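Two versions of one and the same chain are coming, encoded as structure tokens; call them structure 1 and structure 2.
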Structure 1
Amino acid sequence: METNNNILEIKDLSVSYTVANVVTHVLEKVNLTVPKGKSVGLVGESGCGKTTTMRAILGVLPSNANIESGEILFNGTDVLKMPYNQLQEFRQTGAGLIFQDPSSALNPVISIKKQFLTSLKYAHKDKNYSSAQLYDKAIEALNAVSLADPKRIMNSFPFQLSGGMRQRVCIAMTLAGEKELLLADEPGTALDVTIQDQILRLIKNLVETLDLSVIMVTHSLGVIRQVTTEVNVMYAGSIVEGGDTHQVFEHPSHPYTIALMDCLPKLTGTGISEGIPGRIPDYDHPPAGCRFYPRCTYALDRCKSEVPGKTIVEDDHWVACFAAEEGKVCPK
């Protein structure tokens, strides 16, 4: 069975938010697969639904979100239909999330030590570690994210640490959980590049040594290229291109992916690129056809009313675009 190789499979997930009685369709039929022991990238502009996808996987969407359709299969079980106990079990040992903004992810009136040990106690509950062992594990994890003097940090309260330190504490907490699936929602965006690099290495290392699977969410194409083996490009709530990271980077086929890559500042210093004109569509009234249509330079007439299906570009690389299907998209 195919599902045996995939730790996570998202099928046709649609999520909408109700804001002041207006339904905004944010995620539109998202399909995402994470093979066991692989790291998969999810890349896209701000507001395209990356974080919503991550939250949907763990069932912590805001209360005004509605899951309209779809399945999220974790090792073959639908997370959306799990009873509360099983969902709790899944969160304890199955999947962990590194927050986009972890500086507020720590309870301000409880010491780091208590919070760290509680979270580890849940994550390793079937391994019967003593609290001294858990403490050592915590110290080790804090060392791994290059926090100096981990013992002092353990005895501190969150407000005694700087934003970057808090972020690293959160990353350490999630990584030390050693859960099967790690959802990294822009890890290290607020950290300086050397530490960010170190954390990415750490994640990569964990994937290799502990056979973890990772979904790496980021706007940074560089991170994707460095860390992941597969990539999914998301635009306005749907995935428009996906496949093997190497192939996608070599032959980007969706106009959006191409434009996104053009936006990267080059070290050669050829000036600032033109960017992508326009902005992410209004989710209240998204375009009926391809959601990228209003901004697309290759737009065809049928793009306006029809949603493009998957077209295979290479053996492990697909794209959802009519222009690409007809061979009209050619990267510069």
Structure 2
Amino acid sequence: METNNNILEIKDLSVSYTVANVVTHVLEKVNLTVPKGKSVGLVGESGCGKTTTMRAILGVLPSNANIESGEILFNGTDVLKMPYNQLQEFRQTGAGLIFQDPSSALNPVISIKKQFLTSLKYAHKDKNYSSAQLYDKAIEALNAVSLADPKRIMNSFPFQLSGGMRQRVCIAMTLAGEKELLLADEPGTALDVTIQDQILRLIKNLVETLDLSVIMVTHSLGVIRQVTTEVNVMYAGSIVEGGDTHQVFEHPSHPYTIALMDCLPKLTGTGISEGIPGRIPDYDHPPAGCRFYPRCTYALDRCKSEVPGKTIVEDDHWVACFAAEEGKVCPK
């Protein structure tokens, strides 16, 4: 892919946290690319660094975080080197975050109208829109996310809306801000399965109709398969496999990806997954080589001390695994 076709490129991003004088190395040489107008998935277990990656993109890491190395290029400009004013502009019109819990994203005692218009004033503060124009943009955005009677929604308080309606309001706020990149941090986690499906279909439709770029963060392989065109599998702060979603699902090549897929329920109802043995390593003392080494059934001696590089599996599909490189990984 050509560089100018990518809205976002993360290159060798390493992030650590200092907690009680202990340094925890959470992200290790993360590389991720988002083409313009595409939906890219980031999947992995809880605690593997997905949310830290999203926070780094927006420049909202906590004060005890340290970016040890790397670049985050948004339309060719490094977010990590942006002066404060440029960073604020990037948050206004560049990237927007959809939270996994809409209840925590909206103030329960302030009307949707006031919160929506305040958000739009910030996003469009350089365009001198009148209050009436901002209100019209809000109504248009609420219609775009298929919310019936948007004027009633605007006059409601968050506690008067269902979880699915609140999530749609959050998506509408991001859309009305005319962001180029949507960061969806497990947007359906707090919703029941039917509403979750509606939200995912909505995001997929918006990508196709508005030419949006999306990073879909989730621990659900089903969500990734439904919504994204490309996927990145993250384990313990490192991306271990990536490429075209269909190719990765049809031919998983990393032992971790294979183990994740083995955990999925079978349509036949036969067999119960035992899960993946072991646990994510402590980030204060991560393995020197491949971070999945202690849990891997295909591990080689070199995996303990060497970090594997990318091996091309097929067009637009790669894996970082010595055993896969040597042809010793045999998915079921």
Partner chain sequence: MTPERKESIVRNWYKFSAGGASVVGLIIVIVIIILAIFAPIIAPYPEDAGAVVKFSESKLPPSSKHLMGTDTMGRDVFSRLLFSLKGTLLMGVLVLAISVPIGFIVGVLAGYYRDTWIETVLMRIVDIFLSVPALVLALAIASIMEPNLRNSMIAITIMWWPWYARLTFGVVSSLRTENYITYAELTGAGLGHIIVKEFLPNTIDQILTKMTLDIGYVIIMGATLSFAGLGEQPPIPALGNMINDGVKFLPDMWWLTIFPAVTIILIVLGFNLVGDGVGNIFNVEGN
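All of these numbers come straight from a predicted model, not from anything done at the bench. Residue numbering: structure 1 sequence, from 1. Basically, rigid core = biggest C-alpha set you can superpose within 1.5 Å across the two forms.
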item: Selected structure - the one that is the form predicted together with its partner chain; value: 1
item: Exceeds or equals 2 Å, Cα of H251 between structures 1 and 2, core fit; value: no
item: Threshold 2 Å Cα movement between structures 1 and 2 for Q86, core superposed; value: no
item: L212 C-alpha shift between structures 1 and 2 of 2 Å or more, rigid core reference; value: no
item: For Y135, CA displacement between structures 1 and 2 after the core is overlaid, in Å; value: 2.7
